[in-house]
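As a starting point, one isolated chain is supplied in structure tokens, in the form predicted on its own.
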């Protein structure tokens, strides 16, 4: 393992001394430069859509950035992944800065760099923090090897409206699960030392509330009550800060009328004051510049002053940065230079802790070796195995053990680009194992596998502005005949023992700027599925997605449905392991799966309301329950929960003083024939108190592997952290004297229950 990039970890005092020595030599322009991060688009193909959206001319942008480097006015660069290019630009940075200050290179390493992991919502579906941490450690190792020091990840926004495209980047609807996933990702990216040649700074985003955009429309405003903000949307960020995140990224939108990037309460009072965050804050792309667009600032000088004054230390810029106007803002009395200096200190400290002054350049030979490490592919395969969620398996159709012939149907089945999903840019498509390839490789000569897309690959109904890198799609043959191709797919299915149909959203239909008003299968996919099912051949539906889709017809007519998400570089191999039973699915849904878009937003943790008996009949034309509940996921085995008990110092059915801890235990038994994993989930409900509380709240989970017939006791602890909530009337965190119901089981509808009493000083 490589040595740390510094001769030894520096003490806080040593870091401070180096920072102050540099700071006292810097001019206002040099300080502003350290707070400016530029995109560098030199190696990207031109795209008219993104040029118009970002208001930048790609042909002129690299020269502009290099001119700023020569003047020492750049603190960070992003979107550079070639080691040789990184070294060239770093050399320009150091030579252009009279103090020799290097640049931090950042990149969107969301779910892998060269080795692509399942998309983040899929990783959350593993309910396995260890797997998530190992996956992001691989991503960090590859990123640091090519010269990336910092990733704009994890995205920890809670998403309760699946129309929002960026649901694919997060951990779903629940703050407890979201917090656990956030902490695991930060630990995976950062490890124990940022000076390690294997780690990068984690940048949790988007602070805060971005996932609650009106109507699920990306970039729209957000209006959140105190209760929602503190109890739902902030906990994953707090967990990321507690895990040691070195950076936080601001959000684009207005939060309760104040742009998040200019929100001093959010950045200074909450993030730094209450939580003690000591890292640096970066804006999302153009977010400081856009304080003027919001009407929050009159011009760029005021936008820059308000951004820094609110606690934003680094501006992610494309064209004219607002922070370039900071010297003028200081001279005009709009900004105290001491506030500017505070931001510069944070950036310099990050560079020193990364070891960039000692080792600013990349070992290009080592980079090639790291990117080719086969161990990374095994981590990606395991993550894809553990992320898949078995939604339905009537008659035990899965695993496929006796099929003598298989027809693989659907345009996504052999699409390398769609298999790895959105938000990847530096992948090697030749490494991607598609579902078709995985099934063929697994079966070899043991059974014939036929394939037909059934419908056009060209039915990509949404050309995302971020799909600049949209190569490696299957190409429809010249003279593609829609009717003939559908007939061919149906014929192959009719002649096979089993049809494996791979449907979902093409990857450019989800992600940033890719919200949808409809959750149905795009194009003619549902018609294809219906035609295949009409043959009478048993059908396995593999869903490739990053959000819940409308599966009402499929859930009634298709016996086996496996959600494989966008499974990554080794996705096809992992899917074959699952389909043929080498591995039993053990993933669980990180969101409630609605029946139809008309139900959204839908979450399991709603309050009781004044009429709970009518909860399932809120709509007269559709059940008000989800198609699949939060936490749902089947297995090739079965599990029994028993012996649920609560204990406080040996006293059964304890009375818990506020601030104490109660231990909850349950026995989980594998009652089926297969080695398999189960995720034991603990939920609570507070019966009464000083606020209405949700009917269920996740407060603990454990993923357990059990052999057939094996039993294991799972132990959970409930204390102040789990029982405290933000009370909107008290405007503070409270623990109520109450009775707490506890539920244990395999999803949020768990029925095994017990209770305990909480007493407070007022009781």
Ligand code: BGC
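Note that the coordinates shown come from a computational prediction; the quantities given were computed from them, not determined experimentally. Positions refer to the first chain, counted from 1.
Beyond the structure shown, there is the form predicted together with the named molecule, which is absent from this document and is the topic of what follows.
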query	finding
Touches the named molecule in the model of the complex: residue 350 (any heavy atom, 4.5 Å)	no
Contact test in the model of the complex: residue 316 vs the named molecule, heavy atoms, 4.5 Å	yes
Heavy atom of residue 376 within 4.5 Å of the named molecule in the model of the complex	no
Partner proximity in the model of the complex: residue 252 to the named molecule, non-hydrogen atom cutoff 4.5 Å	yes
Partner-proximal stretch of 530-538, 200-208, 561-569, 96-104 relative to the named molecule in the model of the complex, 4.5 angstroms, heavy atom	200-208
Partner-contacting position among 280, 628, 233, 423 - heavy atom within 4.5 Å of the named molecule in the model of the complex	423
284, 228, 550, 133 - the one with a heavy atom within 4.5 Å of the named molecule in the model of the complex	284
Within 135-153, the residues that have a heavy atom no more than 4.5 Å from the named molecule in the model of the complex	152
